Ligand SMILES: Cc1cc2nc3c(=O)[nH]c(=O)nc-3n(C[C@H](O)[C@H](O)[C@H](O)COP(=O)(O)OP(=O)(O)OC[C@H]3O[C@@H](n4cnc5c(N)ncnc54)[C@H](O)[C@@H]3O)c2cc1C
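Quick heads-up: it's one chain on its own, the form predicted alone, in structure tokens.
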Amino acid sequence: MGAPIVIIGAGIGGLSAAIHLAAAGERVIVLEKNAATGGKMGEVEADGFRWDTGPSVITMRPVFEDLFRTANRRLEDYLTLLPLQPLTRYFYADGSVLDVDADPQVTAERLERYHPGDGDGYLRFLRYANEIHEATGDVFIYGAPPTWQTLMGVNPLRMVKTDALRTMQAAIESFVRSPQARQLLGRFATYTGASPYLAPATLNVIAHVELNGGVWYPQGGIAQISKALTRLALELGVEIRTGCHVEGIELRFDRVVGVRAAEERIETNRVIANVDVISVYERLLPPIPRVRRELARLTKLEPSSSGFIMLLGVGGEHPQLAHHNIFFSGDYADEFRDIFQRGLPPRQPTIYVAITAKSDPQHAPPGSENWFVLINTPPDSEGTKSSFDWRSQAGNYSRVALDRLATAFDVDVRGRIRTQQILTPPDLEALTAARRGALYGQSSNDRMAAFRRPHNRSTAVKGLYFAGGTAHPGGGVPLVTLSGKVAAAMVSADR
């Protein structure tokens, strides 16, 4: 057997690529700097509480079934994915509450009370989002990265259905009238770190995969996904080395010839980097002209949003809350102006709260709850015009969030927090190598974003490939899983 394929990073994209390659008979070595696999899909335990620290919403179950099927395994033998009901509970600034049901007809009936006709508008929107999925799936999601050449062969009528000339919000407002329905559908832009007021309407496809396809929760926590993929990779003979810091990728001219780790050098001519693409060009490659040109191009792209995270161990239970909860701001448009125009964390933020103890009671002591709190923020402002300093302001901003929950929604936990950890954009960069803490790489706030997103095969270095949320097809656990599949297919094709 020849030189191994080296994968840098044991996040979901890297593990997916490793499984596909090992199932095809390749020798694969995965190098992971952290003590455990999973990348952003981590977990923390403290004082009897347990939290997932990364992704929290799982959709597109068939993607995971397909991955296990590639290795002649069954998903059910490794993971128990529980369907959630309701999918999410939404709290609005006017005091109204909406449960989004797994049955779209039930949700439509609930939306009808906010504005006559919104029930039918919601169902029409879901049909429209499904049409986008059918029109874009092969080109933008499930296959190789889109190029102008591939688009030339697509039926023009099919491309019209992608609705790329309107913004998400403009399309949403053509279907529903109430602020409740519009905020509900607009929030799916945040799944790619974008704004519904700027992102192309094509991204309304995200609503389809959740609202038509359902939301799933892996019993035991989201981190069970990475544990299951790690187990499968090991069974297939993948060598995974944790605690292994990669110092660089070695080149001969513009071709990969090896990987240099802390205590060894591995000879290889094929590397998949499951690391932020810009970080690879900036930190792991020698600064040859082609690398410098690609780095200059990538750093000009607008980064996606980041996040402010609180892991709270809360004394007491809240029966009015579900597994997934969204507390909406009163001025959604201004919230996104804060993030993407002013470069500041929202003054009146939308607050997401996930409580896995609702589905796994052992994740918190009896009579308590584990809260994962996420607020969308700009990426770290260090080196930019914004002056916001997370290092000195994180504590103040946590009080902004908790005060808002208490005063606007009558959910007051300020005196009942037993344990707390905070993660800011700089923390996320340090933990995951996500440049400036941007959770999804580049922003999707323009209609050309899908074409500017880094491809899974490097255009600057031969033998270098990319998997993960900063490469095609984008962020989110299912898409990152697909990125590993695409990268593995390219490695095999180029052999």
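The first residue of the sequence shown is number 1, and the count goes up from there. The model shown is predicted, which means the values in this text are computed figures rather than measured ones.
The same protein also has a form predicted together with the named molecule, omitted here; what follows describes it.
Visitor: What is the one choice in I309, A71, L295, A144 with a heavy atom within 4.5 Å of the named molecule in the model of the complex?
Guide: Result of the distance check: I309.
Visitor: Name the residue from A460, V63, V57, I29 that puts a heavy atom within 4.5 Å of the named molecule in the model of the complex.
Guide: For this set of options, the contacting one is V57.
Visitor: For L126, is any heavy atom within 4.5 Å of the named molecule in the model of the complex, or not?
Guide: Flag for L126 set to no.
Visitor: Please run the contact check for G38 against the named molecule in the model of the complex: heavy atoms, 4.5 angstroms, yes or no?
Guide: Taking the distances in the model of the complex, the answer for G38 is yes, it comes within 4.5 Å of the named molecule.
Visitor: Does the named molecule get within 4.5 angstroms of any non-hydrogen atom of V246 in the model of the complex?
Guide: Contact with the named molecule, yes.
Visitor: Although the named molecule is absent from this view, report whether K33 comes within 4.5 Å of it in the model of the complex, heavy atoms only.
Guide: Looking in the model of the complex, residue contacts with the named molecule include K33, since a heavy atom lies within 4.5 Å.
Visitor: Taking 4.5 angstroms as the heavy atom distance cut-off, pick the stretch from 271 to 279, 112 to 120, 398 to 406, 173 to 181 that is near the named molecule in the model of the complex.
Guide: Going through the listed ranges, the match is 271 to 279.
Visitor: Decide if the three candidate residues I12, F372 and L439 all line the named molecule in the model of the complex, where lining means a heavy atom within 4.5 Å.
Guide: Affirmative, all three are within 4.5 Å.
Visitor: For a quick check, can you give me the residues of 459 to 492 that have a heavy atom within 4.5 Å of the named molecule in the model of the complex?
Guide: G468, G469, G475, G476, V477, P478, V480 sit within 4.5 Å of the partner.
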